[in-house]
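What follows is a single chain, given as structure tokens, in the form predicted on its own.
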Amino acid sequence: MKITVEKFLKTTTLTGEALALAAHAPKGKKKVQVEGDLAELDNQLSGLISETIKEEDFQFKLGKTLVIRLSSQNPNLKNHKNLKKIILVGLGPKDKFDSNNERKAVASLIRVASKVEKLAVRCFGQAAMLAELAILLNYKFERYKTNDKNNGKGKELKELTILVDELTGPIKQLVKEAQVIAESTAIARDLVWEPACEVTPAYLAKQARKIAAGKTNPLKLKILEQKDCEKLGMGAYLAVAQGSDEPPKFIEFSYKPTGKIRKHIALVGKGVTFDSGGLSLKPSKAMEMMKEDMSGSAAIMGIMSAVARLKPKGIQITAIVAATENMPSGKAYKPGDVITAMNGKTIEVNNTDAEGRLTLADAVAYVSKKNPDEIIDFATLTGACMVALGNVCAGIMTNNQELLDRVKTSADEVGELMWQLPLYEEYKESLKSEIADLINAGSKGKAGAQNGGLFVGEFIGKQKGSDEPIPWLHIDIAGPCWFDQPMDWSPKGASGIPVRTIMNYLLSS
């Protein structure tokens, strides 16, 4: 999508067929007053706007829209010869207008303008939010649809012009960042939408190579094969992988900025490209959507694509995906097996469908050795988190409250819903094994999301020169990786969470 930001002038010429303007709802029982830009346009249209508002009793309530269609010839519209529609957007009461309500208003506008090819918007808030949501909400995954008469592509938004009062360098930069992050979120969504017959560990490795390609690309890429992982002692990750005919791929991105490095942040995304449950086989209905079990790795791909383009200053980033399938076969790991992770801890397997935490165990143990200042992992880890929080909200758990608070603030700013779940010491009782250091699934349906988080936390290394663990945050995205209903920033289906939260965090760190 082509997005431009221009300073609004009375002489501004618009070439698009739609112009959007917004206003707040009047207080109490006051009548709607057509003022400012709206009044000037209304004047040129001989009162058409004010008449339509009155006829439709449009009160500019939050998120409500009114489309006013114009005749093919409007001689009075000197600078808007091609204008066919005026879209009015309600912002609700001015004293209650915050970024969340702004997002709702923008989402309503973009959805009602989805069949417009060229749209101009008189900016009523953050230009960056308009740019971001225009891309996010116009996203479609149609690779496998045939272009027949029932599925012909109609009009869609191709050009967006954002008209601002003052055009500054910071506004241009924020719009650019928003566009890159939205496009990178689409990369993550595409990977989650793709079927598991396409997205194998080798396919993820191929995508990683594409993202890191180019002589001027600031990313470095390392892909460890099975033999490399065996030498490193990744017994937990490789146990999950051994049942599949698809070889595992351990993917490592690294990014170092020019100039002084203030912080080293490690990111880990779960990369189980299909989860059958292994020998603890899932019911067929529960298996239908298990292509989405690599949503964490998809987010890594989106994030590192954005990092390559935006080059965050002062932040070193290491990003890890331990990619594998979890399949049943004569080679598969079995309930009752005892396996040894990279950090030497032994694990009694009592459920091969609790496989994601095993892959993450070796991934976080591996990245801990690189001495990052903090580790953030995101994974479609537990159905229990969906039971607790539904499919609109991620669960977040931590060993460091300050880290959680910072990431939660970033999530709130972009509208990705996250809620903290506690990691009480008492929950650790369910991780104890009679014959090994840990058991991989022991909560018996109680505090299952925390049980998974605590398990991963057992493999976080120590801070350099200290007995304290590296600050770590676990984000369980089992619910919001796939929306059953449209959200303010996403259509139904693959969401791309938490690309936007993490990029917001990286750029503000």
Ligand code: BES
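In this text the structure is predicted, and so the values were computed from the model without any measurement. Position 1 is the first residue in the sequence shown; the rest follow in order.
One more form of this protein, predicted together with this ligand, exists but is not displayed; see below.
- Taken together, the three residues D293, R357 and A384 all lie with some non-hydrogen atom within 4.5 angstroms of this ligand in the predicted complex.
- This ligand in the predicted complex comes within 4.5 Å of no heavy atom belonging to S305.
- Residue contact with this ligand in the predicted complex: A441 places a heavy atom within 4.5 Å of it.
- Although the partner is absent here, D362 is not a contact residue: none of its heavy atoms lies within 4.5 angstroms of this ligand in the predicted complex.
- Interface membership of R111, defined by any non-hydrogen atom within 4.5 Å of this ligand in the predicted complex, is ruled out.
- The candidate stretches are 223-231, 137-145, 345-353, 398-406, and the one lying within 4.5 Å of this ligand in the predicted complex by heavy atoms is 345-353.
- Contact with this ligand in the predicted complex, judged by any heavy atom within 4.5 Å, is made by just one of K118, K256, K282, K172: K282.
- Checked against this ligand in the predicted complex, the candidates E416, D275, E132, D377 yield a single residue with a heavy atom inside 4.5 Å, and that residue is D275.
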